[in-house]
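There is one chain below, alone, in structure tokens, taken in the form predicted on its own.
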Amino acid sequence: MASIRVTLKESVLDPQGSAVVHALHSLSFSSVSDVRIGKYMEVAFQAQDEQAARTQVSRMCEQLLTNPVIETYSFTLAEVRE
């Protein structure tokens, strides 16, 4: 199982995050200075070993799950026993 976290690159404006900041301020959470909105995914799959799993997840992220022009990703792997 891969747990994948996708976020916008720091240089990319995040209008959704800005809207959340304003909403939090309106709720009196004035100490909030920034919010960045991202995506979280869990992908279950099979691989021969950890290196093969890392390679597969990287390819998934680069080819479909992220937009590499504006997003970055990180992931962790966990073995799932059936």
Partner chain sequence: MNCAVLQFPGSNCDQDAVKAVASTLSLKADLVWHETVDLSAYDLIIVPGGFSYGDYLRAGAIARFSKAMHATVAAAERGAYVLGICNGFQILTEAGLLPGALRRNDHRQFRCDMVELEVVNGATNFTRAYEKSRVTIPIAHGEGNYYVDDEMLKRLEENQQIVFRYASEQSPNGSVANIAGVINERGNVLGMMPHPERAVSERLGSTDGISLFRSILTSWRDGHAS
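Residue numbers count along the first chain shown, from 1. Owing to the predicted nature of the structure, the values given are computational and were not obtained by experimental measurement.
There is another form of this protein, the form predicted together with its partner chain, and it is not shown here; the text below is about that form.
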item: Its partner chain in the predicted bound form: contacted by all of 7, 43 and 52, heavy atom 4.5 Å; value: no
item: Touches its partner chain in the predicted bound form: residue 74 (any heavy atom, 4.5 Å); value: no
item: 4.5 Å heavy atom contact, residue 58 and its partner chain in the predicted bound form; value: no
item: Non-hydrogen atom contact residue 65 with its partner chain in the predicted bound form at 4.5 angstroms; value: yes
item: In the predicted bound form: members of 8 to 23 within 4.5 Å of its partner chain, any heavy atom; value: 11, 12, 13, 15, 16, 18, 19
